[in-house]
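Have a look below at one chain only, the form predicted alone, in structure tokens format.
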């Protein structure tokens, strides 16, 4: 651990570099909030921080910039990040007005999060084959055609058009939906094939056709990415931009990356901590989101190591919480 003087100087360097993207000199640090020593003392302490690996000096006459170790100390000693009022109101308004298919909501959520952090935003929605059925409906489309709709607990909707062998009126369709709901609610959609026959012949005729349709929930994880262009603008080297964008296009890589960070108990992975050399100049901020008390996915942002960590951590946490609440409400 650093003593309070070194810690305050390191915080000032990190905050100054995040704000300006330029090496931070002793004069700037000496005037920073929380630093109460002279420029000469600041220079000595900055030299010590450089020797200990927290800071680096890109040029002999330049100020200092944080190293990966410096960023890690800064993040680990942050007080609980609090989102500013304007951002909090923006998030609240977004989820109050967002409705419709879950895919549309998750894609829109990445755009919201990217706008709040000027980084690439990622939302991972795992396969939902094990997600229990919440509600079931059968809607008549034509005298002998119906639409089967199952809403799952994770907010996803599975649909299938069912061709009936005989015409069925609304009462029969409603009875078939009730029968299916009785045996499916709270169970995975995969148990559709195990739904027992209905007692009434006309109702069973509909249930049998739904059963035959073989409606199933996807086992594949989905990745939604937004704001890649905003993130790319943070880097000067073209090869870095190209490498990062290539990774974002690989869904399996993104899923593995976020899962690995979460499994290690991290909320922030900085540079080499991501485990991927092309992301050596990047940081990843992640948070899981839960639906009905069960962790069902992950939200995160990917940006330069010179990101605004307090804003990023607060935005990712709040968006993850609100997304989970919105999906729990259905």
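Residue numbers count along the first chain shown, from 1. Quantities reported herein were computed from a predicted structural model and do not represent experimental measurements. For clarity, a rigid core is taken as the largest C-alpha set superposing within 1.5 Å between two forms.
Keep in mind the form predicted in complex with another copy of the chain is missing from the figure; the text below concerns it.
Contact check at 4.5 Å (heavy atoms) against another copy of the chain in the predicted complex: all three of 159, 170 and 227 pass. Contact check for residue 137: a non-hydrogen atom falls within 4.5 Å of another copy of the chain in the predicted complex.
In the predicted complex, at least one heavy atom of residue 246 sits within 4.5 Å of a heavy atom of another copy of the chain. With a 4.5 Å cutoff on heavy atoms, residue 101 counts as touching another copy of the chain in the predicted complex. Though the partner is left out of this view, residue 95 does not reach within 4.5 Å of another copy of the chain in the predicted complex, counting heavy atoms only. Between another copy of the chain and the residues 192, 177, 258, 153, the one pair within 4.5 Å by heavy atoms in the predicted complex involves 153. Among 165, 233, 253, 82, the residue placing a heavy atom within 4.5 Å of another copy of the chain in the predicted complex is 233. Of the candidate stretches 69-77, 199-207, 182-190, 142-150, only 142-150 contains residues with a heavy atom within 4.5 Å of another copy of the chain in the predicted complex. Positional change of residue 170 between this form and the one not shown reaches 2 Å or more at the C-alpha, relative to the superposed core.
Residue 89: CA moves less than 2 Å between this form and the one not shown after rigid-core fitting. Residue displacement note: residue 209 has its CA displaced by at least 2 Å between this form and the one not shown (rigid core superposed). A change of 3 Å or more separates the two forms for residue 256 and residue 158: their C-alpha atoms lie closer together in the predicted complex.
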